[in-house]
Each structure stands twice: as structure tokens, then as C-alpha cells.
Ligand code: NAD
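The chain that follows stands alone, in the form predicted alone, written as C-alpha cells.
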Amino acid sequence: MKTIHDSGSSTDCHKASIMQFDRAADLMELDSALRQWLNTSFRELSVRIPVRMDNGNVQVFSGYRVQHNNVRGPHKGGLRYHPDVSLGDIRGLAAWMTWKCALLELPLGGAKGGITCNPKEMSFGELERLTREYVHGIGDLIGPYKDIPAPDVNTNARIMGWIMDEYSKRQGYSPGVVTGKPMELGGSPGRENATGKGVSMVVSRWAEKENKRLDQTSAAVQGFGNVGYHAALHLSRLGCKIVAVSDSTGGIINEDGLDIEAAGRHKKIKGSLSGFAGGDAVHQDEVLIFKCDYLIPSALQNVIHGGTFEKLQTRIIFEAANGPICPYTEPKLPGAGITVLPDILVNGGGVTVSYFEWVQNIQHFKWKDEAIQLELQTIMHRAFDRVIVLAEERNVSYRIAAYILAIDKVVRAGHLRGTYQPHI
């Protein structure tokens, strides 16, 4: 199993999630049995997925689905395709989903799934066969009232459509089994850009709290996939100057601000930011340490660690990715004058609109985009305000405040349902 250390060369999301949980649990004085219940996955499944490749050979992939806690509602969580997917990472990501849904007051629990593969080296047909075989492996665990997957790293609406189709072959037409689907298959308006839009809502709310105008601020966005692109796009439309962006091929910087729409068009055509002429090309890691008001890591975990934090030239980090800060490094950030807005708050827009999509599928009634955007803003702002107030009342970090709020919601639900009975 991979381990966390301060160099940032490897990580395990499960260990990171437990460390973050424990810091809040200590302040809440939770007993050991309650901690064990909250830190243990409800169910874990590992599957082997044989896929006929285009060259005729069969390759066997490893897939996972972890259901962390469903005391507040059906399990909910994304599905990622990545070479570094491991059971430990999926455990941690599932736990983060539990806390995220609770913080946002969504009637859902936490889950996560993944397949260890490199989708960038696979054909369209290979990905479809891989996805459908994965559904055969986990089909008994998922369902509209049991566990609802969604897109995550390297998965998208088309892949969600394959999952819905394969599941429906066995169970009958079931659009509510996944979210993030194409609109034609029951997807929701606003779902594709929901996570990035939610990030922009948190950033703008922070600026409002600090009595700053967004058109007087700058941001660097590490990761230019779905989340990073839409976060950068919406912030730029609100007036924030995006001075740096990056993807896996490299970074682009421009102190005068980047044209995010043009960068997005370039990546769509070329497949990467490489060669974009709107700024100076740099190594992708340089975007993390570029001078800006707001740093927004939007890719994978553990990118800010002992080797980078001393070089940071920002005072605010908004975690658009899950676990982008090494948990051993995070305690050092306040001493460097750096404030962190945590992932379970900042990137909550995606699961919020996924919840809206699921509700629409259950109702068989489509909402208007205006209503979705208004409800998304209401939920994001409410969660932000509650975190800020509690952090100031308890004199704790924003992450600790978010965890206290989330853990309390889950514990209360467990007590009321009788799933976990307190000692009397």
C-alpha cells in the first residue's frame, strides 16, 4: 500500500482522510467505538475485469467500489479511470464524499469507484467494453436507491450513459442509477460545469467576505480538466484575472491574464494546453508557485507538499481537487500565512447538481437551468457561511469546522436511525 510522506511523491487518500477526521474528532471528543464506525467502510468490492483489446488480446483490469456510509441516504460518489487508482485511495475518496454530502446537507451517503487503467492509451471501443464489464462486476451494489455513481477523473457523460444502459438491460429503464449523464439520457442542465461553477461561487463568496472585488484579484488554476476549466472560465467571467493554468502536459502563465475560452478551445482541438500561444509555457509545477491571490488546485491529490509549500506565492488555497494538500504539510501552512478552504466545501457543486439530477430522474420531471443555478448557489453559500461562522466561534481552521459540521450530521442521523446507539 502506498504511504503518505512530506515529499509528495506518493499518497493514500484513506490515510489522509483519517488524519483529517481525527483532528476534528479529537475536538469533538468522540469515543473510540464511534470513531471506528465512522472511519470504516460499510462495504468494499474489488473486481477483476477482463477486456478484449483491439489487438485481439485479453487484458485484465482491477476495479473497485467502496461504500463508506449510507446513514443519511443512498451512497453517492464518482468513478475514476487512472493508472494510480488503488483501493486505499478509493476508501479515502468515499469517506470524503460522506462528509461532503453531510456538510452540504444532501440526503446522500459517500461512495467512490475506480478502475486502474490508462484511458489515454485506450480506444473508444476498449473503454466502452471496460465500462460495461465493470457494471457486470458491481451491478448488484449500485441502483437508484442504493449507490449512484457519477463522473470523476477521466470519466464523462458518455461513460455514465454506458453504465445506465448496461444496468438498465438487467433492471429495466433506470436513469437514476448514475448522474452526469448526457441530457438525452436524463442528464441535468448545469451538471457538466457544476463542480467548477461551485468553486467560483465559493471564491466569490470569500472575496465578498474579505470586501474585495473579484476584478481586483488574480488566480492560478492547477489542472485544466472539467473542474479546472469551468472554475477558471466562471471566475474570469466574474472579473477575476486568471494568470496561470496547467494540465498534465505543462503550464501557461500570463501576468496580464489568460483568455480562458481560447485556452479551452485550444485544448479541445489539440488535446492539451501544449502549444497554446496566449502565454508563456512553463513546467506544470510552476503554476502552483506562481504569484496570485487565489491558488486553485483542481487535479489530483497531494500536489502541495513539503517540497512546494515554502515556494507558494499565494495566501488563499481553494481545494477544487480532492486532497490536494499533503496532510503532513497542511499544519505548516498557517505559519506561512496561508489559509485553506477545504475540498469537502469547495468542490461540492458537482455532487449538489448530481443530487438535483437524481431527483429529476426519480420525479421524471426536468428542472429549468435557472432553478438549478439558484438552488446550487443557495446550498454552496449556506455551507460556506456555516463553516466560516463555526471556524470563528471555535477558533479552528476552516477544514476542522467543515468536518465538525459534517460529522455531527452523520452521528445524529446514526443515533436517530439506531444504526449507531450512543452509550447511555
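Start at 1 and count along the sequence shown; that's the residue number. A quick note: this is a predicted structure, and the numbers were derived from the prediction, not measured.
If you look for the form predicted together with nicotinamide-adenine-dinucleotide (NAD), you will not find it shown, but the lines that follow are about it.
Judged against nicotinamide-adenine-dinucleotide (NAD) in the predicted complex with a 4.5 angstroms heavy atom cut-off, the residues 195, 225 and 300 are in contact without exception. Proximity to nicotinamide-adenine-dinucleotide (NAD) in the predicted complex, defined as a heavy atom within 4.5 Å, singles out one entry of 321, 220, 344, 240, which is 321. Contact with nicotinamide-adenine-dinucleotide (NAD) in the predicted complex, defined as a heavy atom within 4.5 Å, holds for exactly one of 293, 147, 247, 330, namely 247. Only one of 163 to 171, 149 to 157, 331 to 339, 123 to 131 lies within 4.5 Å of nicotinamide-adenine-dinucleotide (NAD) in the predicted complex by heavy atoms, and it is 149 to 157. Looking at residue 284, you'd find a heavy atom of it within 4.5 angstroms of nicotinamide-adenine-dinucleotide (NAD) in the predicted complex. Though the partner is left out of this view, residue 91 does not reach within 4.5 Å of nicotinamide-adenine-dinucleotide (NAD) in the predicted complex, counting heavy atoms only. At least one heavy atom of residue 191 is located within 4.5 Å of nicotinamide-adenine-dinucleotide (NAD) in the predicted complex. Using a 4.5 Å cutoff between non-hydrogen atoms, residue 100 counts as a contact of nicotinamide-adenine-dinucleotide (NAD) in the predicted complex.
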